[in-house]
Structure formats: structure tokens, C-alpha cells
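Two forms of the same protein chain are encoded below as C-alpha cells; each is given separately, as structure 1 and structure 2.
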Structure 1
């Protein structure tokens, strides 16, 4: 996640310095003493202590929650914020009465919030972290909706042996469609057009006849 090296007069001072600078709480970091330091005598041969601090998942979960809550304070009644880290991905679940505002047309506001929170968390980390935000289960519902759209289109394509062009979608929505099409035999999918009007085409593929056998 992130490794920080900090020097101070003593190990305890170095830890205190780090806790202050990064707003760390108990249980949110691990540390290793790199150099115990040496007080020296008569002001001679003094050497600073050095510790290496590694920030833990709990730290990122709390910081992301605080940042998102700071934004939602301005969003009316949106009280529920939950953050779960899993490897390099942090899932943020938001819910409350006014959650609609936060989703926007076609999830536009949700995408904007996700982009901003992703920048925020990556400023605190050395390795690239991902953020997925869902509000009022919008993403879950949208995913099921996309699955239905894909299945319906695949059925049509298989019947007509032709092709079907879907409505424009966001890149991550198109990806969901492609994933579903892959599971079916006799159909293929690709995207056409330029953003923001890029859309998926599902097409029938004639069965490959192997002439050599």
C-alpha cells in the first residue's frame, strides 16, 4: 500500500511524527525499526532513529469513508456509507433517502464521484488502488438490467442469424455485455462508434466448418 520512512531523535518520536503527519490511529499501521538511533555522549556521535511504516487496509477504509462523508454532508439525507477493501479494490456502498441525486442520469454523478474518490485514495498509496462506488444498489440493478438486454439480443441474433446494435453505453457497461456474449456459442460482439455514442453490436457467426477432416 504505502511505505513511509521517518527519522527522529528516538523511535517513539519517529512514530509520533508519522501518526501526526498521516492522521494514523492504533491498528492502522505496522512498523519496523530500521535504526534505533544513538543519543551520543556530550553531543557527539548522535545518530537519528529511523522507522519504516506500512499503512494497512483499515487506514484506507477509514480515510475513504471520512472523505466520502465529507462530500455527502452536502447531499441532504444520505447517511449510510460503508467501505470494504479487498486486495487493491475498495468498495464503497452509499445509501439513504436522497441517494438519487448521487446517481444522476445514467449513473453520471456516480461515475464522477468514483473518479474523484479514486484520485483521493491513490494520493495516499504507492500502488494503484481501484475504487468502486455503488449507491442505492444502482450498479447491482444496472448489471442485472444489462444481463437481460444482452440475453434478449443474443436470442434475437440466434433466431435471425443477423446482428443487433445496442444503445450507447459506458465502457464498463459494454464490458459486461461482451463478457456475457462470450459465454454463448454462435455469437460474437464488438463495439462501434465514438464516445459517448460507442455501442455494442452482437452478431451471428456461422459455424466454422473444418474441411481438413
Structure 2
């Protein structure tokens, strides 16, 4: 995900320099020798060695966990932090006695934490990475709530043949609503507004009469 070029007097010196600068541990990186270097003759014509280091998933998983734990030191009794990388997305699961405080009203505190961690991990990478944080299975419970909200809104739209505007939601919540609406015929959904007040509209779709003969 991130390629680092390091030069030093020898290959080992270059690796040690990289380990110290980027806080690398065994198994968190791989490297390729680009130039073995040359000590020269009596100090003349010397050339530095150069290695290219690629950071592995394990590096990002550890750095994300350490960063999250550092923040949670101020959040009360949060005993469990697990990080799992899958492609360009890192899933963080948090649990503990005070996890409710971390979630916040309507998940706003959790969303803010996710935003901060996403900024942090992308500073460590050359490619865009995503972070999804769940606490105390909040997202699963919220998903079930959203399913009920969507189904009730769809019912109203089908009966009234009009549209329903839902309350503002986070991006991941809007995606869930859109996916549910896709399963129903005669209705469609789209988002309006700007963050953080962006919301989903579910609307009745009238059948188009084919006028071609």
C-alpha cells in the first residue's frame, strides 16, 4: 500500500533506518534491494545502498489499533479493540462496559471517531483506505432499525403514490436504505441535501406508457 525508498551505507543500515523511522516490526513489511551500494576504494567512488519497503496489512492493523486505544484511554472502560483488514477497508470492533458513551446519540460520537481514524490511516498510505468502526454491535442493531424504517416508508409511498423524506442519516445508513428500496417494485430512492443533513427520499414510480407503435 505504501512504498518507501531508503538509502544508507549498507542494506542492513537502510532497513534499520526504516524500522526506526516508521516503527516497523517483523512481519509488517517486505523489501526489495534496489541497489546494494559500493563502499568504494579508500573512501572514493562510494555509493549508498537503496531498498524499497512495502508496508503490509499487519502494519496498518497494528497502527490503527494503537491509535484507537490511545483515544479510548479517555473514554472509560473499553476493554476490547479488534482490527481486521480486508482489501482497502479496515474494520474496527470495540466493546466494553462504557461502550454506550462511545456510540453517542444516534451514533454521532462513533461516526466522529471513524472519521478521525480514517484521516489518520490515510496519512500512512499512498492509496485511499476506508475505516468502518462498530461498537457493541451498534451497527447491526441500527441496521435492523433502518430496515423497519425503510419498510414503513415504502408502505406509505405505495399507499399514497407519493413520496416520503426520511430524517438525515450517515452515509452508511443511507446506503442500507437504498439497498432495501431496490428490492421493491414501483418505488425508487435518492439522496438530497448536504452533509450532515443529507437525507433519503423514497418516491413512487409511475409506470411509463409506451406510445411507440
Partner chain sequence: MKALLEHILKGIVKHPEDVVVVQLEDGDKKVYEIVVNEEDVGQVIGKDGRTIKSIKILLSSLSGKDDFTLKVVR
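Residue numbers count along the first chain shown, from 1. Values in this document were obtained by computation on a predicted structure and should not be read as measured data. Each form is matched to the other, and the largest set of C-alpha atoms that superpose within 1.5 Å is called the rigid core.
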Worksheet item: So which is it, 1 or 2, that shows the form predicted alone?
Response: 2
Practice prompt. Take the rigid core as the frame of reference and indicate whether the C-alpha of residue 166 shifts by 2 Å or more between structure 1 and structure 2.
Written response: yes
Worksheet item: residue 200: CA shift of at least 2 Å between structure 1 and structure 2 after core fit?
Response: yes
Discussion item. Need one number: degrees of rotation of the smaller rigid part relative to the larger between structure 1 and structure 2.
Written reply: 16
